[in-house]
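Shown here is one chain on its own, the form predicted alone, set out as structure tokens.
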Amino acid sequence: MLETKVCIVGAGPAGAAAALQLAQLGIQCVVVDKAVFPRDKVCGDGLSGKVITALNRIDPEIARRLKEANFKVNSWGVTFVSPARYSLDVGYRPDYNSENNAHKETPIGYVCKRIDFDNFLVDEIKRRPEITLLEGVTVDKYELKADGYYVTGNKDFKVKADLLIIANGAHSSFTKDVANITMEPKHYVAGIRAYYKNVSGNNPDNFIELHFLKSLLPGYFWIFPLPNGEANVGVGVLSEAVRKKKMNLKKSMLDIIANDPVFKERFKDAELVSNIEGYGLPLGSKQRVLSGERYMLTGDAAYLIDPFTGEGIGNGLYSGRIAALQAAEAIKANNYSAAQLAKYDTEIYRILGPELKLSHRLQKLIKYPWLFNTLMKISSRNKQLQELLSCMFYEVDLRKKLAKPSFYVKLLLNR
């Protein structure tokens, strides 16, 4: 039986971030994943500025290697389109200016397939002697004893760990059975994704596009540009609405591509080059208890996906790093109690909370198309609002901005 201070279940972005941060701190850990990498993951494939920010904080060399990787396209922001087709471009950094080519020197956002990005992170894990990576292992039992968690799985996998970091995604059995967090349709999005070639009309700076079409509210149709002339195309709708309206998301997406006056032109030469696959997005639109005795939940297993944009990768990396820092504190104190690890929850909601609350408010706004249209119109000429939205994808410092009375004055006056 392996013995370790920390066992990380899941080697996706959250688990990889936790392992790499622990390695930077000189702490050994075991990482276990049911997949053998490279493996695909159904996702929107967008890497916002928060990804580079998080990797820089773990190790600037990892961020440098990602910038040099050739499996991605550089992306400078997000285009939001309201039901009335009002469009708003929001840069991944507040100083973005489409008229100024200087911003192109330092892209901080990318689009790439998860099969490539997650494999990049696993390769980073394999660089570190402090990390033991076990692939192709499905964990089937977690047993809490006085001296730690005993974790077992196939291939004779047995680990005793002082602490668990759970990072095994939206369908984590640990999240459901131990942390007692279950799927709630009003805090969960149903999504589908497909890859197309030769979609026309993409933004020259490779902005990802979120189109809040009336037929999909509260949800959206997206197009994310990829290398080699491909695009990630999909639909995401709140599960509560899918059930209520009895929606067939695949049919809705294909109908938009074939019949919408804008998209039927953009897709007239496009070719579907993959299967259409579905997945679930557990949203951070509700505060939850993310830790307990000898464990912390991270990434999708912690229900931390942005309620408005659907971004999960950046929040996964942030939560993984925060979990590693809290693990280091627990190890130093030799204290793995629920009370000790509750500091993790406090830190998660201190850093990500203001952003998740703002996104939840925007998500609620989508239910009222006229109000959402008005916001998009105002935002298109209000630099303060644009900067506010930009901060959601860049440095996670909304809590500082929202605490300043001067910000609200500028928000009201800058029209």
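The first residue of the sequence shown is number 1, and the count goes up from there. All values derive from a computational prediction rather than experimental measurement.
Quick note: we don't show the form predicted in complex with a small molecule, though the next part is all about it.
None of K67, K357, K364, K41 but one reaches within 4.5 angstroms of the small molecule in the model of the complex through a heavy atom, and that residue is K41. Contact annotation: of the candidates I305, I322, V78, A231, the single residue with a non-hydrogen atom within 4.5 angstroms of the small molecule in the model of the complex is I305. Contact between L22 and the small molecule in the model of the complex is not found at the 4.5 Å heavy atom cutoff. Using a 4.5 Å cutoff between non-hydrogen atoms, V139 counts as a contact of the small molecule in the model of the complex. In the model of the complex, the small molecule lies farther than 4.5 Å from every heavy atom of P227. When contacts are judged by a 4.5 Å heavy atom cut-off, M296 does not count as touching the small molecule in the model of the complex. Stretch 305 to 313 is the answer when you ask which of 176 to 184, 328 to 336, 78 to 86, 305 to 313 has residues with heavy atoms within 4.5 Å of the small molecule in the model of the complex.
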